[in-house]
Ligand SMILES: NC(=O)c1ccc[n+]([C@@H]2O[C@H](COP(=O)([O-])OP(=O)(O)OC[C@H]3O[C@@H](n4cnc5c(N)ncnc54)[C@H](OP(=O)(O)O)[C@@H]3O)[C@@H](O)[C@H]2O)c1
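One chain comes next, on its own, written as structure tokens: the form predicted alone.
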Amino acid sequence: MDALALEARLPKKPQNGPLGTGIPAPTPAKRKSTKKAKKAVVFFEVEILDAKTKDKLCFLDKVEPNATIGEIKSMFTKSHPQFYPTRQSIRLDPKGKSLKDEDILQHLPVGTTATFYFRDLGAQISWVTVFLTEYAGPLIIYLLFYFRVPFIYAPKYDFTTSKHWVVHLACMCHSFHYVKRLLETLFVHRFSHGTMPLRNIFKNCTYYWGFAAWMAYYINHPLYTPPIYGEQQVKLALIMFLFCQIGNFSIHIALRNLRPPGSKTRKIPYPTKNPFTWIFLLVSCPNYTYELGSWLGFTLMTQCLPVAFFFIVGFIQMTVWAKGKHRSYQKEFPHYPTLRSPILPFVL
């Protein structure tokens, strides 16, 4: 059998299309790439100028867009070691407000070449150190007058005790108040800012220590006279003092529970199951309200003019703080309760 006959007998292979239809087979489709093209990262250039002189202090090249102000402060410290991060105030405007450490560079109203202004906040000290110093002073100073150590009163009164029981009660209340504050500083308070200017501690200590000495001198004086309404006045004042001390502590616990450890998150404080916190329905800063109530009770208990003056000065200062916090709450939270007042319900 020749080759041509053999080829005719063999089955032919299908051509092109399926089953030899002659239809051209489809060309395999090109696979689409599942990998998305990576976006090119646009780095920022950051220059930091002195807020007063407008001199260029630092230029940072290739700063990542998701860098925070806190990270930029750390970069700035590398070229200016004397200005550690907590000492720096970084601003968008020379006279503007300080930016927060958690603010992100690309979310700020700046271009890829960002200009910031630096202001030195001065030497800093931790808030814990400040509070411990402020509160330990009055505790110790008051006790020096209570025990009538030498060189305070006449020598014949050295290390003597008062004959009036209200004097001893006042010492216990005063000591309880400042011991409570010291323990709260160590175990309760969570601070949104870690430090404050060192120079402020001298002003604060002068205020607390000076008033403590002034009050203690007259309350523990050998010529001190008890309140005019006697035992009844003292007992009512003691109830007010203790009630407000418990209320103040309850508010501090409620505020602490709003902020997780290591967080700077701010939330609207609301009443809890603790009845002492129900005042949040009417007041933005009830910790100040209870603080004022404590010192009003102490004023009535001792019927001492320096204590009354300390209460009035404290009332003015705490009102300023409360109004500031109240405005801050209203600005930060659009749906902040409208019924609340800064420090006194329906009044102030």
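All of these numbers come straight from a predicted model, not from anything done at the bench. Numbering starts at 1 and runs along the sequence shown.
Keep in mind that the form predicted in complex with the named molecule is missing from the display, and what follows is about it.
- For residue 189, a non-hydrogen atom is located within 4.5 Å of the named molecule in the model of the complex, even though that partner is not displayed.
- The closest non-hydrogen atom of residue 265 lies within 4.5 Å of the named molecule in the model of the complex.
- Although the partner is absent from this view, residue 235 stays clear of the named molecule in the model of the complex, with no non-hydrogen atom inside 4.5 angstroms.
- Taking the partner from elsewhere, residue 293 is found to have every heavy atom lying beyond 4.5 Å of the named molecule in the model of the complex.
- This chain is displayed without the named molecule, yet in the model of the complex the stretch 181-189 from 139-147, 225-233, 181-189, 79-87 comes within 4.5 Å of it by heavy atoms.
- Within 4.5 Å of the named molecule in the model of the complex, a heavy atom is found for every one of 248, 258 and 329.
- For the options 207, 153, 243, 176, the one in contact with the named molecule in the model of the complex, meaning a heavy atom within 4.5 Å, is 207.
- Among the residues 116, 276, 214, 135, the one placing a heavy atom within 4.5 Å of the named molecule in the model of the complex is 135.
- Contact residues in stretch 308-334 (any heavy atom within 4.5 Å of the named molecule, taken in the model of the complex) are 310, 314, 318, 321, 325, 329.
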